[in-house]
Structure formats: structure tokens, C-alpha cells
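Before any questions on binding or motion, here is one chain by itself as C-alpha cells, the form predicted on its own.
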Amino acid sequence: MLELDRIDVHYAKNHVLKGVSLNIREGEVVSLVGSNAAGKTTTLRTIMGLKACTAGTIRFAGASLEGQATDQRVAGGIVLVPEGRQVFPRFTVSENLLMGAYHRRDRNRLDDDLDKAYAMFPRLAERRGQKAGSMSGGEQQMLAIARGLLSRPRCLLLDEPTLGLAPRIVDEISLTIRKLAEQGLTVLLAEQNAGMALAVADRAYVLETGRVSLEGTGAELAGNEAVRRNYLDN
């Protein structure tokens, strides 16, 4: 469904991504694992068209994304849930969710999708009239994911969804990701919490200083000595 072929990205003179190649099949959960500044967020921003690549190609459902603006990529089915949640703090839960559907033309289906979002995240249903800025970090992360789902994505990009969250909420987010995959959604997860990322992943890639250093199934990488030493044994 999504393929990155030898992507290079620069920030001024800094060569941030160096020949990154990824392949995400339809219905998979694929994790990007790496330390801070490894290039995970830049990879997702480049897929979304928020950052231009200086070499390489990105294809979605077999078609090149070259020349497509971010809003076109969203309309085509790629949706990013950004790091830090970035909810609209003065909007209510329901208003935040509707912002995820701003580009949709099938307005007659919004009620059904809102019901699905509330069924997946019952706490959001309880707080649908509450201002997002008054919610806990875990609740805001649930809201950010639900808002992304209101865009009806074919491929959901999640950037550090468990950052700063309590272990119980991390477990809830993990279960949500697997449920989404079981429903047929393709997920690309960028996550510093390597244990969680490898546990939910069908396949995973390790990014180190802008390069893919390892790839394999989640279980294979979880059992890899170097991965355990550098990302799991702490």
C-alpha cells in the first residue's frame, strides 16, 4: 500500500534521512523504532508532504505522491496523528472529531463514524461536550486518534502516540492499534517505546541516524540482541 524507495531528506545542510526504503502492505501494522532524532518523525512528515524529499520516490496504492500537497494526500487516504496530540484545546470533543472530517463530502455518513469513534473510545462519548484542553493526556491521545479516524483513512500514521502516558494508557493505545488493524486499517507507527512498538507490529524497521539498520517481524526484532541491548534493556 505504501512504499518509500531510497528517500533522502535534508534540513538545510543536515542530511536527516539517508536512502530510507520502507514497504507497508495493506492491513499491516508496521513500526519504526529508534531513538530520539533517528528520523522517525521526519519520515512521517515526508510521507504527508509536510517535508519535501531531496531524492527518492513515495508511492501509495501504486501511484507516486510526487507533486501532491498534504491535503491531497489526506483526501487520498493517508492521515497523520501527530506527536504531542495537537488537539484544539478550546473545542469540545465532538467539535475536535468533526475537524477530522473537514475535507469529506459524504456528510451523511458522519453520524455513523462518530458512533464508531465513541464505541472505540467510550471515555470520549462520556466527555463529548467537554473542552479538549481540560482532558488528561491519555484522553487527548484517544481524541487525536479518533479525530484521525474521522478522515476515513486507508493508512494511518501514528507519531509517538504513547509519549508521556501512564503504562495503563499505553496498554489501551496498543489494544486500539491492533483492533484497527483487525478491521483492515493499515498503520505505520513511529515510536520510541520499542517494547510496545514491536509487540503490536507485524513487521518493523529500526532507524539509526537516518538510515534503516534492521528490519524484520516484530517478534524477530524483539529477540535481536542489538535491539534488546539498545532499545529494550533499560
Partner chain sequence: MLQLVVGQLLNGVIVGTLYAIIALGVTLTFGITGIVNFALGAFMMLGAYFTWYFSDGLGIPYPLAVVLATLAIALVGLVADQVLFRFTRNNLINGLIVSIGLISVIVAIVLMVWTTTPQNMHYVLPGVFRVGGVIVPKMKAVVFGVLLLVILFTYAALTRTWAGRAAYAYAQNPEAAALMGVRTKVLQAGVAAYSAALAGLGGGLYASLYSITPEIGAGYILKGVEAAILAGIGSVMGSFAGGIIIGVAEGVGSIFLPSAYNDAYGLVFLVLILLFKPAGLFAVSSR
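Positions refer to the first chain, counted from 1. Values in this document were obtained by computation on a predicted structure and should not be read as measured data. Superpose the two forms; the largest set of C-alphas matching within 1.5 Å is the rigid core.
Beyond what is shown, the protein has a form predicted together with the partner chain; the following relates to that form.
Only one of 172-180, 24-32, 44-52, 57-65 lies within 4.5 Å of the partner chain in the predicted complex by heavy atoms, and it is 44-52. Against the partner chain in the predicted complex, the set 71, 80 and 134 is in full contact: each member has a heavy atom within 4.5 Å. The closest non-hydrogen atom of residue 100 lies within 4.5 Å of the partner chain in the predicted complex. Taking the partner from elsewhere, residue 118 is found to have every heavy atom lying beyond 4.5 Å of the partner chain in the predicted complex. When the partner chain is considered in the predicted complex, residue 122 lies well away from it, no heavy atom lying within 4.5 Å. Of the heavy atoms in residue 163, none are within 4.5 Å of the partner chain in the predicted complex. Relative to the superposed core, residue 116 shifts its CA atom by less than 2 Å between this form and the one not shown.
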